[in-house]
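Starting off, we have a lone chain in the form predicted alone, written out as structure tokens.
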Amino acid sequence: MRTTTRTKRRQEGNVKREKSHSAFARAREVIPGGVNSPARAFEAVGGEPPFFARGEGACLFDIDGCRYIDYVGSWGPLILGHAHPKVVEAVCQAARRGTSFGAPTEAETELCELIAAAVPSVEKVRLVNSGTEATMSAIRLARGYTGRDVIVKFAGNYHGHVDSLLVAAGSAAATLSVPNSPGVTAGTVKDTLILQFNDVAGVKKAFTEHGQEIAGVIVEPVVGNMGCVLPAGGFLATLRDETRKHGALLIFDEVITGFRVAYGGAQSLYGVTPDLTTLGKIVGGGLPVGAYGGRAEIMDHVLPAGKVFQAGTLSGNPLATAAGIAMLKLLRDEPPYDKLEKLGARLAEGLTRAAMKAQVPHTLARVGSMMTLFFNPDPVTDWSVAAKCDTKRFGRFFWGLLDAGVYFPCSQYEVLFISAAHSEGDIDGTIAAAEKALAML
């Protein structure tokens, strides 16, 4: 294997992860940047990512034998922790029956029934393979249903790598400062209207000027891709009112918040019911899956019931549906949300106290078990404020935690997640590690 300059680059932090270093060098030979998703690349914090061997409960273990308290949770879906026995057993049983049929199964119907019973806006569901597929399909359906072209999105909201939505995006696009990706043509995004999150006046103005052209509004009801940003009072209700008044569809992207902030998602928490909802992550129990759903009369425009085309050979895959059914039943029958709220409050209070003690300018935003410690003294309400965060200071904080055995998201603009597998001891250990990391800043 040839040695490159990047391979020689030193690892950040004091803990040397030699096996991960070698694994990353090997990966870069055959994978662009050595990763299969830019969020894993550690470009925002410098250095090289650890390579993981296994997960158990609240913890991850890398190939060098280091143990970490995990607050990434596969970017949200592992609300019950890694390798939950009932989810693992469901997948194993499904695998023994066959991994893919490309034909209908009863498990697909059962998973869709569970989703429809839980999420207020959903009467019918179509399963897909990822959150990106879900948002792409929901956008196409909104345009097909209304006969209009324009889609409204909000700066800093990330809805997957759909061409027409990859403008002013959050998540890895924000981290790497490439909100407009090469390969996304001007023609593709000409019908995308970008507004500021939480800007009620801006929403009303856009509908006054373009109401008859707008097919739909897509929004993360709680943003998870420029850090955790909460909706201001009246913002979601305004979206509901304006879309209804002008005959457009309201689409909630609940790929992150669905079944995470509440069993019925953010729409049940805030009491605003959209026309369409996109889901992912948790509804597959950690396996690749996505879904979009809404009122029956809208969903019946999807082929073969209607004329809006969408298809996928592996949609409703037996392994993903088995894991999803097991996960959603556990969340329904043994709800972890009270525990998650208590642990979330404990961690939020501890991080805030530690930052104040270290005299580090900061603010913290939280909804239940998802939160972000922003290295910014101003409350983050939209992308213009989020963009002012001290990302270099966050990077040093991140490495201080990682070397102490705490795995936070590797970007200021990602959300940390607590699982039901975390204990108060895990939370207190994390707070202690944060105190030391912040003091060193």
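It should be emphasised that the depicted structure is a prediction, and the values quoted were computed from it without experimental measurement. In case it trips you up, residue 1 is the first one in the sequence shown, and so on.
The discussion below concerns the form predicted in complex with a small molecule, not included here.
- Although the partner is absent here, residue 281 sits close enough that one of its heavy atoms falls within 4.5 Å of the small molecule in the predicted complex.
- The closest heavy atom approach of residue 58 to the small molecule in the predicted complex falls outside 4.5 Å.
- A residue is said to contact a partner when one of its heavy atoms sits within 4.5 Å of a partner heavy atom; residue 235 fails this definition for the small molecule in the predicted complex, lying far away.
- Using a 4.5 Å cutoff between non-hydrogen atoms, residue 270 does not count as a contact of the small molecule in the predicted complex.
- Proximity to the small molecule in the predicted complex, taken as heavy atoms within 4.5 Å, picks out 32 to 40 from the listed stretches 63 to 71, 32 to 40, 374 to 382, 400 to 408.
- Here is the short version: of 369, 225, 135, 317, the single residue with a heavy atom within 4.5 Å of the small molecule in the predicted complex is 225.
- Put simply, of 251, 256, 291, 229 only one has a heavy atom within 4.5 Å of the small molecule in the predicted complex, and it is 256.
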